[in-house]
Ligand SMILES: Cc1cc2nc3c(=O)[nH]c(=O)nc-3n(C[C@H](O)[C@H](O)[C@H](O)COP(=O)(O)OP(=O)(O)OC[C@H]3O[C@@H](n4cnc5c(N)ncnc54)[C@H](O)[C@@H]3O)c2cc1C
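Single chain ahead, written as structure tokens, the form predicted on its own.
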Amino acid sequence: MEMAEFRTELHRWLDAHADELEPAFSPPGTLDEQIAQMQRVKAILFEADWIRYGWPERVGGLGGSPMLRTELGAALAARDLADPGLFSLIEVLAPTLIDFAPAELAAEVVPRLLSGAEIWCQGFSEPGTGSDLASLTCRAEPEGDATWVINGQKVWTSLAQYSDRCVLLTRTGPVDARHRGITAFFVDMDTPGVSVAPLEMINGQHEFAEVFFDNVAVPADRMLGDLHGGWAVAMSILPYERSSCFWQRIAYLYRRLEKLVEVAPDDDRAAEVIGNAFVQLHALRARSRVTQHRLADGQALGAETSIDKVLVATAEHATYDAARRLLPGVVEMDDSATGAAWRSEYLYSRAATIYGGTAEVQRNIIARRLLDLGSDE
């Protein structure tokens, strides 16, 4: 299906099923409510086939450009039907399984993720490693030919307490081998020895968690990619995280700016503040559109996506800074449902310069790899 037809038919269907898809709670809702809503919406979309467009037929999809599924995510975000940050985990993890898992395993589990039957998480970050992913220490050791045993800890693992599976990076070589001694596994979260401790974020939600692995036995056929090939798995996520996920976030931010316009004062100061935020958003959207098309054309995405990451953090800050300036006291003291929603989102927006690679790291990448202003060493 071509994009124009897909977009028209999708929005016609969403309009017709608006009552069925509408959340049963007032925003922002609890994390439990948001997760339940997302999984319910995914199930409805899977039954109606919409969430299958853009995915390969070998994993239960209907084929077509990856931009079709990106358009779906953006439409859901713009209609407040699913939190884009939670929904976009599909884009982060499903392509990894398709590219690196045994074909039979991918065919079995990807439809379960798309249909809302399962949630997966990403076990990458560790305490003490900061943004230096290559220094991770969670270790996997072979036990015979058919099993690996994993010991260690992960942190900042989104939705781990809700997840059925984890795409996990482990150390299988010496630590000084850095990115050359890392292997990825697909771990069932109900395996004995896996324990999860949710972490409270600044907005009171428990989206992140620590995950502990204590002698966790994983079948050897759950290895993703090659032994010591985990860095390639990790890097494969980057193009989707910096393209499809951002596109959905942009749609969400546009919707928030529209809501701000509805309640902001009708004066020159408000026009300037909103106008500045709109310019940031528009610049981000223009940049992201180019990235979307490059990905759909099969081009390799690399260091240049650090520009997208800097722009999305800048636009997110600008949008919620505008809300705080034009709605005095709402973010800080308004305990109504509307005030709670603005406060929660404002506080979450402060993390935009940290998650997915800090702004400092992204600017270093831009300076060194794109502007040739020094080596990475």
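Since we're looking at a predicted model, the values are computed, not measured. Start at 1 and count along the sequence shown; that's the residue number.
One more form of this protein exists, namely the form predicted together with this ligand; it is left out here, but the text below deals with it.
Undergrad: Check for me: heavy atom within 4.5 Å of this ligand in the model of the complex, for each of 123, 131 and 354, yes or no.
TA: Yes: 123, 131 and 354 each sit within 4.5 Å of this ligand in the model of the complex.
Undergrad: Give a yes or no for residue 201: in the model of the complex, does one of its heavy atoms lie within 4.5 Å of a heavy atom belonging to this ligand?
TA: Within the cut-off, so yes.
Undergrad: Give a yes or no for residue 155: in the model of the complex, does one of its heavy atoms lie within 4.5 Å of a heavy atom belonging to this ligand?
TA: Judged by the heavy-atom cut-off of 4.5 Å, residue 155 is in contact with this ligand in the model of the complex.
Undergrad: Please run the contact check for residue 360 against this ligand in the model of the complex: heavy atoms, 4.5 angstroms, yes or no?
TA: Heavy-atom contact with this ligand at 4.5 Å: present for residue 360.
Undergrad: Whether residue 46 contacts this ligand in the model of the complex should be assessed with a 4.5 Å heavy atom distance threshold; does it?
TA: Residue 46: no, not in contact with this ligand in the model of the complex.
Undergrad: Name the single residue among 240, 87, 208, 162 that comes within 4.5 Å of this ligand in the model of the complex, judging by heavy atoms.
TA: Filtering the options by heavy-atom distance leaves 208.
Undergrad: Only one of 298-306, 73-81, 181-189, 123-131 gets a heavy atom within 4.5 Å of this ligand in the model of the complex; which is it?
TA: That would be stretch 123-131.
Undergrad: So which bits of 315-349 sit within 4.5 Å of this ligand in the model of the complex, heavy atoms only?
TA: The stretch touches the partner through 348 alone.
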